[in-house]
Each structure stands twice: as C-alpha cells, then as structure tokens.
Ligand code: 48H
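Take a look at this single chain, the form predicted alone, given in structure tokens.
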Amino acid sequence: MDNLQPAPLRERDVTRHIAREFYKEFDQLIESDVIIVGGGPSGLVCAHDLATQGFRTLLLEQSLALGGGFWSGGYLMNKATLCEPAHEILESMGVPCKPVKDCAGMRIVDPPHATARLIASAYEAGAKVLNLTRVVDLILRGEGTLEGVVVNNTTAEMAGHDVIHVDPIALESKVVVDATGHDAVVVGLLNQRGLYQTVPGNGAMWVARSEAMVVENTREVFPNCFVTGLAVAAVDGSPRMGPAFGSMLLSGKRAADLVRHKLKGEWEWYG
C-alpha cells in the first residue's frame, strides 16, 4: 500500500450506501432456516456450524457487541478455562489453548482473542447477525408450533413503552435456538404463554457437574425450540460453571448437530 491518502467521500454517499446495503440484506433475514437468540460462545459456535452446512442462519443479539461473557474471562482477569476437548474448536480457528501442567484436561485461553475468532468464524461461514435486537415475543401457530420470533430494537425496549412506543416486527424461521444464557429468554416466553414449565434458573456453582449436564442436556425442549449453553442450566435448574467455557463451545456444537438432523427431517418430535 503505497498511497495512504484516503479517497474523497461525500457524506450523503456514506449514508446512502449504508442504508442501501443494510436494507438489501435485511430483506433476506426476514425468513431463515434457523434463528439463534444470543451471541455468546454457544450461539456463535452453533451459528458457525449451521452456516457452514449451508443453512440460512440468523444470529440475534440484544447487546451492541457479540460474545456474551466470553470477552473478559473470570473476574476481569482476561483469562478463561476450557475443558478438553473443547479446545479443539478454538484451535481449529487459530486460537492458542495453553495446557495446564498440573491440572489434566484444562486449557487456558485469552478470551478477547477467542471471542474475536468465534465472531469472525461465524461471519466467514455465512451466518448473518442483527445486534441491538431483543426478542420480545414468539410466532406460534396451530397448537403451539414455534415458527419464529418477534423482535424490537433494544434501545426502544430499554426506554419503555411509556416513554417511546415502537411496535415490534416478526422474523420467521423453521427452528429457534435459545442461547441466551442465564435468562433463557425464548423458553421463558413459552412459559408466559402457558406452553412450558417455569424456568427455575441456574443452580449454585459446581463446575464439573455443570459442564457435563449442559452438554448432555442440550436438546429440543419444545417443537422447533432448542436450548444450548447456559440456557440449558437455566431451564433445568442445574449448576452454573463460572468462567469455565468448554461446555459452552461443546453445547453449541451439539445444538447445531441436533438442529441439522431436525432440518433434514431425520426426526419429527422433541424430547
């Protein structure tokens, strides 16, 4: 790059082409094969794997930034642990995972590096993203078949309807994955509609037990609704694991595999 002088741009053209490109793409996001709600590590892995397999994959994140709690590790120390074999997922993306000599099966990663690569890999696989987008309701047909979500702008929702009333919009999909962590937002909305039991929330910390149960219990909990990551623990009331992120990655991969089978018609029910 010999010439470092920026090309001259007109302000009107900057605005015009941002708007044109956004709404051109947005038209393609109104209907997807799968909507993943929550852009933390489990949602990002799930989005990457499904998009890699050619499914139209839309990731919704209520915050400005993707990555959830994976950015800062434990206690703002910018280090996080992984249980093996979850490190293989990150290493395949070019993220170093340092083995811990006196703790078999544990790896240490730099969360900003790992999170950045998870985000980049999801995009590179073809997943689409809408951030600052909050799920406020569900699309339910017939006797309770989930066929998408109702969303609104996060800032409008935070202001409250007494301050600014903005009607939400609907996004359709064949499958919805709840990757919203402790909140289990999608399953909570099913509960509000009387279609699922109360979501108890995570239990107290027990790392080994939690990691095993999160991966094992990643599943379809309602027709076309899957849970992954800490949303599994929230729905089941099983223990939390703190800054140990291995099961988040493995759960995201398992969820993608289950969704793939569902979308290919290899099973018709849930449980």
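Please read all numbers here as calculations on a predicted model, not as lab measurements. Numbering starts at 1 and follows the sequence shown.
There is another form of the same protein, the form predicted in complex with the ligand; it is not shown, and what comes next is about it.
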request  = Select, from the options 69 to 77, 159 to 167, 87 to 95, 107 to 115, the stretch whose residues sit within 4.5 angstroms of the ligand in the predicted bound form by heavy atom distance.
outcome  = 69 to 77
query = Wondering, does Thr52 line up within 4.5 Å of the ligand in the predicted bound form on heavy atoms?
reply = no
query = Does the ligand get within 4.5 angstroms of any non-hydrogen atom of Val177 in the predicted bound form?
reply = no
query = Should Val135 be counted as a contact of the ligand in the predicted bound form, where contact means heavy atoms within 4.5 Å?
reply = yes
key: 4.5 Å heavy atom contact, Cys225 and the ligand in the predicted bound form   = no
ask   = Can you name the residues of 239 to 261 that have a heavy atom within 4.5 Å of the ligand in the predicted bound form?
value = Arg240, Met241, Gly242, Ala244, Phe245, Met248
